[in-house]
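The chain below stands alone, shown as C-alpha cells; this is the form predicted alone.
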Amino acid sequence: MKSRVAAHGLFHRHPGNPILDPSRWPYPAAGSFNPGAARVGDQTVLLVRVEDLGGYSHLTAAWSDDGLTDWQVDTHPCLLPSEQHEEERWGLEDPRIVWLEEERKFAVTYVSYSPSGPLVSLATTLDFRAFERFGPLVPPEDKDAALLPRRIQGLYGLIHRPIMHSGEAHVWISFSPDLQFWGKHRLLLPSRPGSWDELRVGLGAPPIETPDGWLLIYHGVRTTSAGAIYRVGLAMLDLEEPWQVRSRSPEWVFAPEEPYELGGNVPGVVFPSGAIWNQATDELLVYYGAGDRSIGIATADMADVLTYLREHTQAR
C-alpha cells in the first residue's frame, strides 16, 4: 500500500492548468498540445504542436520566464511542412528537445506525417527561430522519439517507438555513429499484457540523466469499453548501457482526471512530451498534452521519483 500511495502522489498538477489552449493562440487553432520543452538562457521555451482547422499540424514556440506562467506565444509558426520534404506533407507533430553538448545545439526530433505514414525526423536549432532540417532518421511507421543528450560508447542513441501491424507498439533503442545510419536495434520497454500499459507504450519526455541512470517518463495505453486511456509511467535505464532497464513502475503514476484531460479533442489523454529538471530546487516539471487540445504541467520532487524507482528494480 505504501508504494501505491507514493506512486499516485508523486506528481501534482499546476494550479494554473491548462497553461495553454487554442484560446491563447494568436491565430485560429483547433488544438495546442504535446510540447517539447527546453531552457534557453533565462527563459523556458515550449515547442508546441498546433493543429490547424484543416486537421494538419505545425510547430510554434511559446516562452515564459518562470516556465509556469505568463506564456508569450509567437505570432507565427516556426516550423511548417516543407515542400522539399515530402514526408512532411500531412504535418509535423509531437516534438522532443534535447541539448547536444558536444554539438552545442538543440536537437528536435518530431513526427513527420504523410501518405506514407508517420516517421521520425530531426532538426537542430540554437534559438528556436532558425532550424536546420536533417530529414527522416528511421522509416515509417515510427513515433515518439528523442535522442540521448550525449553519446554512449561513441554512438548517438535514439529512443523511438516502431508500430506493429497488429497495433501493438513497444519502445526501442537504436544507435548511430553519425545521426544518419542507425543500427544495434534493441527492444527496450515492451507493452505488458493485462497491465495499464498493455496495448502500446511510447516515450514521453526525452531521457533525463540522473545519478541513478536515465530517467524515462513514458505513456502507456489501455483499451477499455469506453475507448483508450493514456496514462504515465516511469522507468530507469543504466547510464552507460542504456539498453539495460534497471527499474520500471508497475503501475501508472499520473492519469487523466481533470475535465480538460477527460474531455478535449481526444478524451482520456495525458501525453508527456517535455520535462525540465531544476537541479537547484530538485523540482521536476513535466509538460503534457491534455485531451489533444491543451497543455498542462505536472510537478514532482526528483528525490521522490528516484526513491520510488529504487523500490521497483524488479518491475519489468
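One-based numbering along the sequence shown. Everything numeric in this text was worked out from a predicted model, so none of it was measured.
Another form, the form predicted in complex with beta-D-mannopyranose, is not on view; read the next lines as being about it.
Contact check for 11, 231 and 273: none of the three has a heavy atom within 4.5 Å of beta-D-mannopyranose in the predicted bound form. Residues placing heavy atoms within 4.5 Å of beta-D-mannopyranose in the predicted bound form fall in a single listed stretch, namely 262-270, out of 36-44, 246-254, 279-287, 262-270. Of the listed positions (142, 88, 197, 94), a single one reaches within 4.5 angstroms of beta-D-mannopyranose by any non-hydrogen atom in the predicted bound form, namely 94.
For the chain shown alone, residue 21 is not a contact residue for beta-D-mannopyranose in the predicted bound form, no non-hydrogen atom being within 4.5 angstroms.
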